[in-house]
Ligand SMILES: N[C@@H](CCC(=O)N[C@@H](CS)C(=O)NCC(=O)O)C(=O)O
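Only one chain is given next, in structure tokens, and it is the form predicted on its own.
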Amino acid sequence: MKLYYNPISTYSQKALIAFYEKGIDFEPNIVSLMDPDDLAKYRKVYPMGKIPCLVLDDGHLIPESSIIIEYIDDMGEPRLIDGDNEQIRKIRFKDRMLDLYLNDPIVTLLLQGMKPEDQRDPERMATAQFRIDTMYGFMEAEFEKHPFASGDQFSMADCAAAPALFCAEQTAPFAEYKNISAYWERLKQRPSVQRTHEEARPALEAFMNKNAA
């Protein structure tokens, strides 16, 4: 299998964490969406041009991080979408909540903050901050009940949360939330999360330095 991704893409990181958790091999193909030539080349593989995208040995495409994780979860232990029907529904629900109302707003703040102040969109930033604050309140209450995003076991929902919180440390700090902070410390102890973030740091620092220059 070939995985097309970029190490600083939060949705790529989500898929990578799942691969590393399960110990599944893949052929890495890093895509630079900021490079027109690289993007044009990638669009020949996947016309939508979004990452990550998994390409199977027979050429079949599996785009979107959650769908990629759904696909590889049948390949062995540990299961990332496990339990009875109600538990599986909760995992999928938390996965979507963390993608749409935590990850996406955090990335919005990150990208807006990199622009000159007179080019920022205050309305978009305010909406993003509102969603983050709302999610932090929800998460703080949830992590008082159980150690992971959807119960006692690490799941696809935690694969979604880790990249968002990695960015949030600088963009939307959560130190005042003791339960979220404790959860983040638990996530950082996982080899899959450590490996993903170690791979992302050099590329992220280069990206930030380039945009700051």
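Computed from a prediction, not measured in an experiment: that's the story for all the values here. Throughout, we count residues from 1 along the sequence that is shown.
Just so it is clear, the following notes concern the form predicted together with this ligand, a form of the same protein that is not shown.
Residues within 4.5 angstroms of this ligand in the model of the complex, judged by any non-hydrogen atom, belong to 61-69 and to none of the other stretches in 177-185, 164-172, 61-69, 149-157. The closest heavy atom approach of residue 10 to this ligand in the model of the complex falls within 4.5 Å. Under a 4.5 angstroms non-hydrogen atom cutoff, this ligand in the model of the complex has residue 51 among its neighbouring residues. Contact check for residue 33: a heavy atom falls within 4.5 Å of this ligand in the model of the complex. Contacts with this ligand in the model of the complex, taken as any heavy atom within 4.5 Å, map within 86-100 to 99 alone.
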